[in-house]
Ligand SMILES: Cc1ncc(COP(=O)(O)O)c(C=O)c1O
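Quick setup: one chain, the form predicted alone, written in structure tokens, and binding and motion questions come after.
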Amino acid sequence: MNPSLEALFSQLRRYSESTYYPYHMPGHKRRAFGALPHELAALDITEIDGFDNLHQPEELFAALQRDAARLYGAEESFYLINGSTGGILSAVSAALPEGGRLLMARNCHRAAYHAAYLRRLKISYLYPPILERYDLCDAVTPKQVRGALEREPEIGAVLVVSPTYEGRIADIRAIAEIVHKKGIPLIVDEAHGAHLGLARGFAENSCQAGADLVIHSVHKTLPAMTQTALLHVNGTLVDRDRLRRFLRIYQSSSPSYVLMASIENAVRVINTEKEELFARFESRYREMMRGLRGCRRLSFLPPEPKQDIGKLVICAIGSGLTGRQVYDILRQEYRLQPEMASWAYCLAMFTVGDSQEAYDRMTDALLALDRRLLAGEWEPQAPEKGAVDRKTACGEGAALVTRFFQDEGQEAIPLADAWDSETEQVPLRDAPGRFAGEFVNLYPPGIPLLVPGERITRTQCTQIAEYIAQGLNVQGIVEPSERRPELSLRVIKQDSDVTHIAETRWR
């Protein structure tokens, strides 16, 4: 960190206390209005003298971005003020020409699909292995990447997720070597790994492992405000002027100085206190995991090298509860707000921002819940009205997520063509065999269950209905109404040109 550079929050505070009157944006003029507190308004400015411009950095932001690059071991870093979404859009757009072919993990965030749509890219998928005991996706493997590149020589860039939403870490070093042998760039959506590679005991980050473009959500795992992220670039496989062009396209031309100060503050704090912060973080997490060994009904993804210790995956399979029920009990009875829930597990996140209380309360709550399960307070419940019994739908022990991620290969209809096609709304029960006309997401994490252009299976429809019956947040499905008394979704019209082409390919 440049010791001569005053913290941006301090500069904003000092300016707000000066005698300069703001004859410029924003309209609150650094004063409190309504519920807008003075503390926020006083720090909120636009691009004025002395504060540089994010999109043409010359002094302040040039120095701050160099500090971020040094922290992560990148050649160059860029501040992002609309989250990793803007970074993914920019990275994918810069790495490939319009109409190029992208090899991407099927469990990528929907922002990657949006980039493919905007640039009319052709997509080949990597379907991650499944940890069936927990019913979640593992990280993509080097073997999968090598096989795909050998089968499809026209691939122009590779995009993988590491760590995954549940904390599974890929062997990025090996994947980078494979991808670079073909002379194409590797993009890593490392949104959930902004803390990696910053201290002993933690896996290396993807910049250190040799990736060309790496996206970090600073706000997810470091002490920064929502919407803050970083994009790092290494090597010569991506044109950096082209990358800057897309950053200007996908980011606001009026970036928030409060958000940018939040990024700078997180980088500064980690630079000066990282050894102490991360040592305490690791120690507390491992102590919690030792305490949770006392659970008999609930189980947890173990803190192995491939598992990010910031993610506590609470597996409910076989406990008598669903992951959603565990989520609700923790929130309603123990006043603990987890990150997300699926039918199989509940996810809680930990960072350097957590106090000892966070670990103690979670440990105590899960041990108490486990004792209640052992005492028979809950019995396995019959499916709710409208749901389908999991054993009937998938077979005993079958993992639900595998029904959405099955076979590696290319999309049935190119996303750009499919999403622009004329669609119609049909009952969910009539959707099998049709081509999806809209994204269907389980949110969070925002990974598409169905992508426009994919052929829909009956089992997928069964599981979507069950997710909804369990109270999970499924986006892209139309709820029943007086006009349509059952669940429905949008599919591509059968008489469309893209459908005829896809049917020919399918046969």
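All residue numbers refer to positions in the sequence shown, first residue = 1. Owing to the predicted nature of the structure, the values given are computational and were not obtained by experimental measurement.
Although not depicted, the form predicted in complex with the ligand is the subject of the following passage.
In the predicted bound form, the ligand sits within 4.5 Å of a heavy atom of residue 220.
Residue contact with the ligand in the predicted bound form: residue 84 places a heavy atom within 4.5 Å of it. Although the partner is absent here, residue 232 sits far enough away that none of its heavy atoms falls within 4.5 Å of the ligand in the predicted bound form. Within this chain, residue 165 lines the site of the ligand in the predicted bound form, having a heavy atom no more than 4.5 Å away.
Contact with the ligand in the predicted bound form, judged by any heavy atom within 4.5 Å, is made by just one of 88, 95, 159, 170: 88. Of the listed positions (434, 122, 119, 109), a single one reaches within 4.5 angstroms of the ligand by any non-hydrogen atom in the predicted bound form, namely 109.
Between 238-246, 123-131, 144-152, 189-197, the stretch whose residues reach within 4.5 angstroms of the ligand in the predicted bound form through a non-hydrogen atom is 189-197. Contacts between stretch 421-447 and the ligand, counted in the predicted bound form as any heavy atom lying within 4.5 Å, involve 445 alone.
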